[in-house]
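We begin with a single chain expressed as structure tokens, specifically the form predicted on its own.
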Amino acid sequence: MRVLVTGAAGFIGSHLVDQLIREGHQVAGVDDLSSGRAANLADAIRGGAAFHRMDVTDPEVTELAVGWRPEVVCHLAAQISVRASVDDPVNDALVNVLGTVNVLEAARAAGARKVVFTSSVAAYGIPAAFPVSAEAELRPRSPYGASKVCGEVYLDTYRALHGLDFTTLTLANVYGPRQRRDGEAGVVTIFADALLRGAPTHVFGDGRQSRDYVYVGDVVDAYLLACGNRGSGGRFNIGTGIRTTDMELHALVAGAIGSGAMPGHAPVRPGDLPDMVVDPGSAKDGLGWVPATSLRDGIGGTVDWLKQASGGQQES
């Protein structure tokens, strides 16, 4: 199978590229390296993956796709910061809305069979009930969430107009090796890096905000399943269905490191959701996907990677 991956040098994208190469697929990756790291793709490139440095809003994406003719496009490139979307909603829309339309045009022009789209629980906004079903109403409360909803609307439109199939994966809080330690989304890595250095940590508000944490290796499995014929035209929650508070997460990370440090408290950030946990049942039924990695084991693997990366003065 020929697969084009946008956001290929990023945290999730690079793991996906690695696994596609391991399974014998042909892969072309696109990334502007604004947040992704070329080093994340070193092994995949040695294994035969092609890498193209370009922005997803660039018309050259269509030229690449038409020339390479992928069967599937996995679209992971995005502006992923809720805080940045609140501060600069125009840039958020440029990358996440116009960039998605550009990728859909590239897939259509290349005759691709399917687009696997990356959405976010931010699209649900503040849900009426937990865990959140994949059929729940989309009521975003941040420009980032709104941009993901726009992407889903365009997917449905392209399917109706052009017969371009899609599967949407709505990701809970993904964590694991290669996640950046300087961003707002990688709280596991942020906590672990600070605790390993003996630096102070903090939670927002009273620390009782909760999230659904899913390991990156399990997420990659969902993408691989979605690249097939299952999940046509559907949205699937990729999470564990387990709610973990910020304080509980901090305790798990500290325990993996062997630290007794307690976090401080900072004001709640605008646009942040107080709680989020998803129901992954539809992913089991529609894709055959279930999460396999416990939070404790996933945190342990992430801490081990961070120790090695820090020792080698590397960053992902």
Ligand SMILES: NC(=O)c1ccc[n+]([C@@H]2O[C@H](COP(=O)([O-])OP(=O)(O)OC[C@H]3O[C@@H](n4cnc5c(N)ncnc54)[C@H](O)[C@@H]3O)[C@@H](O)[C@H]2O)c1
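No experiment lies behind these values; they were computed from the predicted model shown. We number the residues from 1 along the sequence you see.
Below, we turn to the form predicted in complex with the named molecule, even though it does not appear here.
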In the model of the complex, does residue 263 come within 4.5 Å of the named molecule, counting heavy atoms only?
no
Although the partner isn't part of this model, could you tell me whether residue 56 comes within 4.5 Å of the named molecule in the model of the complex, counting any heavy atom of the residue?
yes
Is residue 82 one of the residues lying within 4.5 Å of the named molecule in the model of the complex, judged by heavy atom distances?
no
Exercise: residue 144 in contact with the named molecule in the model of the complex, heavy atom 4.5 Å
yes
Each of 26, 70 and 167 within 4.5 Å of the named molecule in the model of the complex, by any heavy atom, yes or no?
no
Determine which one of 284-292, 62-70, 28-36, 244-252 lies within 4.5 Å of the named molecule in the model of the complex, judging by heavy atom distances; exactly one does.
28-36
Contact assignment for the named molecule in the model of the complex, among 171, 195, 107, 132, heavy atom within 4.5 Å
171
Could you work out which of 76, 188, 115, 226 is the residue within 4.5 angstroms of the named molecule in the model of the complex, going by heavy atoms?
76
Which residues, if any, of 1-34 lie within 4.5 Å of the named molecule in the model of the complex when only heavy atoms count?
7, 9, 10, 11, 12, 13, 31, 32, 33, 34
